[in-house]
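Taking the form predicted on its own, here's one chain by itself in structure tokens.
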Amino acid sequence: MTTFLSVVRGELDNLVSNGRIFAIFFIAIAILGLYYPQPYSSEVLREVAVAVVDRDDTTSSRQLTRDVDVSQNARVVMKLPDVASAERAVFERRVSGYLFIPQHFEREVLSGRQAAVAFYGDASYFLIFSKLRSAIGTAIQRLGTNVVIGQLAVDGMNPEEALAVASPIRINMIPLFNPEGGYASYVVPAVFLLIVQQLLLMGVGLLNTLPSEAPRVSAPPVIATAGKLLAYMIPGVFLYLVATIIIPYVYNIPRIGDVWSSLAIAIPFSLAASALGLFLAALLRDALIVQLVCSLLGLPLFFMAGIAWPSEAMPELLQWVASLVPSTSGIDAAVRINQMGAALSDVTGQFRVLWVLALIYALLAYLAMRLTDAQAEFRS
């Protein structure tokens, strides 16, 4: 027991006394916490610039233009005379798309025939294109409804009945777990857990490959492995709670989860990530290679975590590989608890996976350390 506690104390001393390791564990999360959410602080895109080419110039076409302009998603910044000038404005990035209203638009609408307008947008930026498409689609739908109501009113129908005929189904959309439908509320909680995992991998990896600032405690591999993991769990849980509680609170990101359930996930998540870092350090044995591998793993792990693309839509092989990474189950469990208000009993599957990963990577780290010790004894 004394040796075990000495290992824990020695690792904590190394963590605090080594400036680079201390910066990875504690200063990096502060810098990233200040910087990363800033670009998404407005939560949603609003008033995306769009141009209008109105070849009809009638009451209906001008009303359609006004409806697009009053939308929260789009803002009409210029009215251009022809398609060539509108295309030039798009290529020069002065607008993200343009609406083309052809000649005789109003005549077609009022005569009861189907009228056509065209929207050309820059789909290379999918979020901007979706906002413009939504704004223009809503404006067209509103204009069409008003035209039908007007025609029915002329035929003698009262306004309420005309509205019911023109728009028989009213949609009331209520976003769950992300009230503003914002990008920051969607991406920041998940990405920060991935950042925590990367910091643990790199910090633990460097701590076990760089020269020690404090004297190392000599201990059998099994005691050394257990002591190291207990020591790394302390900053790991701290980073986890910063990512899931403090940063969402500072940026007013919705959070309805129970703190104790979040803490219960933090322990196996920190142990699993730390054990994986310890295994990589014992396997690679070189600080530069550890740093390089952890850096290269960042982007693939981001895509496999199911943040940018649903994991259910990935190939089965990638889903299987992703299940071996602590962040996959950790992010899923944390989002369910913190953003969706789930209890610990609702995420028992992810909870068990994290503990299994912690045990497997701890065993691998122990075997790798034992092999290293055996090789050292053989050389001596």
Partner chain sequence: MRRKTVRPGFWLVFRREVRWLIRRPFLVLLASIIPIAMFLILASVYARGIATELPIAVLDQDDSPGSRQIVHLVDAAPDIRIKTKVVDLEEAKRGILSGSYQGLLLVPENFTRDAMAGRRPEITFFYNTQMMVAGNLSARGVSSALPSIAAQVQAASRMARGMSADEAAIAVQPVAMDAHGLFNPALDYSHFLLAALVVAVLQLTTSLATCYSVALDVETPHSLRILRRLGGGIVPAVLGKLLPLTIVACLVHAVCDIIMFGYFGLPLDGSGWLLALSALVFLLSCQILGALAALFIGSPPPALSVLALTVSPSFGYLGVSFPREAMNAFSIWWGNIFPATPYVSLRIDQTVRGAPVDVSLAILHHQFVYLAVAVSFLLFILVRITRKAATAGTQPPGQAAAPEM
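Just so you know, these numbers come straight off a predicted model, no measurement behind them. Numbering follows the first chain given and starts at 1.
Omitted from view is the form predicted together with the partner chain, to which the following refers.
Only one segment in the set 161-169, 236-244, 260-268, 220-228 has residues whose heavy atoms sit within 4.5 Å of the partner chain in the predicted complex; it is 161-169. Under a 4.5 angstroms non-hydrogen atom cutoff, the partner chain in the predicted complex has Leu32 among its neighbouring residues. Contact check for Leu318: a heavy atom falls within 4.5 Å of the partner chain in the predicted complex. Phe351 falls outside the set of residues with a heavy atom inside 4.5 Å of the partner chain in the predicted complex. Taking non-hydrogen atoms only, Val154 never approaches the partner chain to within 4.5 angstroms in the predicted complex.
Out of the listed residues Val250, Leu283, Leu292, Met78, Leu292 is the one that sits within 4.5 Å of the partner chain in the predicted complex by at least one heavy atom.
Here is the short version: of Ser85, Ser212, Gln103, Asn178, the single residue with a heavy atom within 4.5 Å of the partner chain in the predicted complex is Asn178.
Residues of 297-316 placing a heavy atom within 4.5 Å of the partner chain in the predicted complex, in sequence order: Leu299, Pro300, Phe303, Met304, Ile307, Ala308, Trp309, Pro310, Glu312, Ala313, Met314, Pro315, Glu316.
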